[in-house]
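Starting off, we have a lone chain in the form predicted alone, written out as structure tokens.
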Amino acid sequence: MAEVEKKEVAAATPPWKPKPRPIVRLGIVLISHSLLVSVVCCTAGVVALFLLPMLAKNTYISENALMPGSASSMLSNDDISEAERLAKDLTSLNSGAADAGIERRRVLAKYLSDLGVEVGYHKFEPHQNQFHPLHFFSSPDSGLSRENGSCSSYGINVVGIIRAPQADGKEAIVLVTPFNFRKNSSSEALSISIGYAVFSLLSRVTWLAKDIIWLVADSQYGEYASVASWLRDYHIPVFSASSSDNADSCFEGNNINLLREESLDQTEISSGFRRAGTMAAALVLKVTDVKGQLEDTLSVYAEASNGQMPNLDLINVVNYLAVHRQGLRVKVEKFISVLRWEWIWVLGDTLNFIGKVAGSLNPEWKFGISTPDYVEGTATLANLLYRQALGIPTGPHGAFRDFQVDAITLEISPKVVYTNQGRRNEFILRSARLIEGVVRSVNNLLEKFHQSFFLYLLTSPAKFVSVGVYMIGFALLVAPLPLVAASLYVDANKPDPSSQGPKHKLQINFKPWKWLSAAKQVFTVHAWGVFVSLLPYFISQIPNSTPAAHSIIWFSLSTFGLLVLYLITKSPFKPQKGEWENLKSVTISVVFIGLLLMSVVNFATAQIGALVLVPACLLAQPLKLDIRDASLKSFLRIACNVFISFVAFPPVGFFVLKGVNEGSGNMDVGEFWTWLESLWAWNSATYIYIGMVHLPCWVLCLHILLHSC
């Protein structure tokens, strides 16, 4: 009997099953409560973004070898006087004369020759940045046309090189001064004076460990074009003689050989392209006339293509020397419109109050920030994110970053137009000493910049947010996406209630064909996105067409392509009852992957895209279900979906952002085409993101809203 009872008990006892691992159980809990997790994470992500100005830290110099300000300036009044004499000789030439450009180059070459440095000319043919689908993420030289240009389309840069007496010529520092040789500009002449004062000093010193290159870039075809052309020839020499022969046959009134022949006899102008060592850093110097300045101001521009930034130490050295040695006011650009938003000031007051309360409770909790500092930090951060998201360089320094050279543009604005010679000499002296100090610091480096951050956001010239801080907000925003995708898949593949086990167990009836059907729909719509992204290449070939006409043609062809897709396949838009959960699950998964990939290429684009696409994807639900429910929650979701779908449409989002920043007046349809044209012309990854990630996912979310379930 005992054996029989034991057998009966063993038969009644269910077989032992191992408990799932803690990570699996945690995943099941998060998926089961995906709605709560989504609300918490998205709210925390937005809050973390607005807290970035408060979390910014003071900048510091990581590389000890830089030692900014450790040596006294060697610039003298004689250097300034000689530089002023050069500026007068350049501006005294008649700008209307046909050979004014030749005369100015000859004068500049004469002054450089008198310093005993190597002097050369660099011919270049400016090219137009044009969209080509195969040139994205390619080498900087791949998009250039080698076709012969007209003789009048060439420019000439003047290059001077100082060979370092204490080095073997393997490294170099580049100083760039844009100058239009055909025009008479007092501000450009002032920048030439500053550059020449520094260059003349460096030609005499014995402590140089790196070669010095002074590039006077011919800016008549644009500052970026002349610098980029010189850099291409510096790093990627062209061995074909066809283009050079054609160039030598030109310059009827601007002949480069004439420049060499009529130069001073005692100094030979180099006939070939002269090179120095590997570039350690580059500085682009400009002087601008800005009215209403209360003091001499230095504006720093650092954004390069696709949001790339130079090493933070380079900006820190400039900021330290400008503020603590030369008394200049350093600034970075900000969104002026943000300063007028009242709710930002209210938020700043609130955070300031919270910081004071926390400090009173525990003096070690020092995270408070004044309201003006918070508002200005927010305006600066918004401008930086926008400029990085565009992916377009903010100055000629962007050409250096394409070759992995740390570079920035320094734009100096005097508070008044100096008519008094003494005040003018003082301005030149302060600016030249700043450049001298930066060159001294970079000259001390034993290797390239590497100690400080390459991934950072600036809230002021002296405060930054590191990548480990600003990535938290982005991670919180995208974290709910895989959880919601898994939850939707579970809901779409639940077994029948009669076959369900205990309620605490998560059971899934796997039906892979349903997932594949949804994946097919998503893939088809993204293929349409590729088609839409390639359309501008063909539309731009239409002659005598306005940007507004291009926009209308692009919109019409894109809509027509969508209709053709529906008529041919009928799969992306064919109503399938009960399948919208799988479609939304796959869409969210694609958005998650797209945002993560974009965060590697251009974080600012991924951050802005996450603010728009994440709520659009999470809230998307067939409108029929909400209308059928007829509750307050359903109507709120309908309102949110309609609003987000309207704003998430790229043209609408562009005009909303433009209206917020510049005002609602003078809106033109062609402006969106011009904006997109600038993106593809500069090979911005944002263009790829809009066409192949954002727009297809917006269409899929719209399809989910209109799904007949």
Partner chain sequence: MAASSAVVAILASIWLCSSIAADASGSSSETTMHTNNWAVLVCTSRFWFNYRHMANTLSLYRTVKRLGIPDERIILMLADDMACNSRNKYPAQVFNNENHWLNLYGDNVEVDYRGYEVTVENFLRVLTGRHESAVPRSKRLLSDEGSHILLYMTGHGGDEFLKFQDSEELQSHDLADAVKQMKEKHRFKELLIMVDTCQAATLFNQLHSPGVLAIASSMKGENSYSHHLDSDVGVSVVDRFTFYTLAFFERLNMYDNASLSRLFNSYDPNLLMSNAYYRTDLYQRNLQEVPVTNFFGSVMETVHTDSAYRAFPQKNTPRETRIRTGKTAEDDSRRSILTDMTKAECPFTRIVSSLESKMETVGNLDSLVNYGLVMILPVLVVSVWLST
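Numbering follows the first chain given and starts at 1. As the structure is a computational prediction, the values presented were derived from the model and not from experiment.
From this point on, the text means the form predicted together with the partner chain, which you will not see here.
**Student:** Given that the partner is absent here, state which listed stretch (36-44, 670-678, 652-660, 59-67) has heavy atoms within 4.5 Å of the partner chain in the model of the complex.
**Tutor:** That would be stretch 59-67.
**Student:** Check each of Gln541, Thr206, Gln421, Asn77 and return the one that places a heavy atom within 4.5 angstroms of the partner chain in the model of the complex.
**Tutor:** It is Thr206 that has a heavy atom within 4.5 Å of the partner.
**Student:** Which listed residue (Ser200, Thr409, Asn352, Asn444) meets the criterion of a heavy atom within 4.5 Å of the partner chain in the model of the complex?
**Tutor:** Comparing distances to the partner chain in the model of the complex, the residue within 4.5 Å is Asn444.
**Student:** Give a yes/no on whether Thr559 approaches the partner chain to within 4.5 Å in the model of the complex, heavy atoms considered.
**Tutor:** Contact with the partner chain, no.
**Student:** Report whether the minimum heavy atom distance between Val107 and the partner chain in the model of the complex is within 4.5 Å.
**Tutor:** No, Val107 is distant from the partner.
**Student:** Indicate whether the partner chain has at least one heavy atom within 4.5 Å of a heavy atom of Arg440 in the model of the complex.
**Tutor:** Taking the distances in the model of the complex, the answer for Arg440 is yes, it comes within 4.5 Å of the partner chain.
**Student:** I'd like to check something about Ser631: if you look in the model of the complex, is any of its heavy atoms closer than or equal to 4.5 Å to a heavy atom of the partner chain?
**Tutor:** Looking in the model of the complex, residue contacts with the partner chain do not include Ser631, since no heavy atom lies within 4.5 Å.
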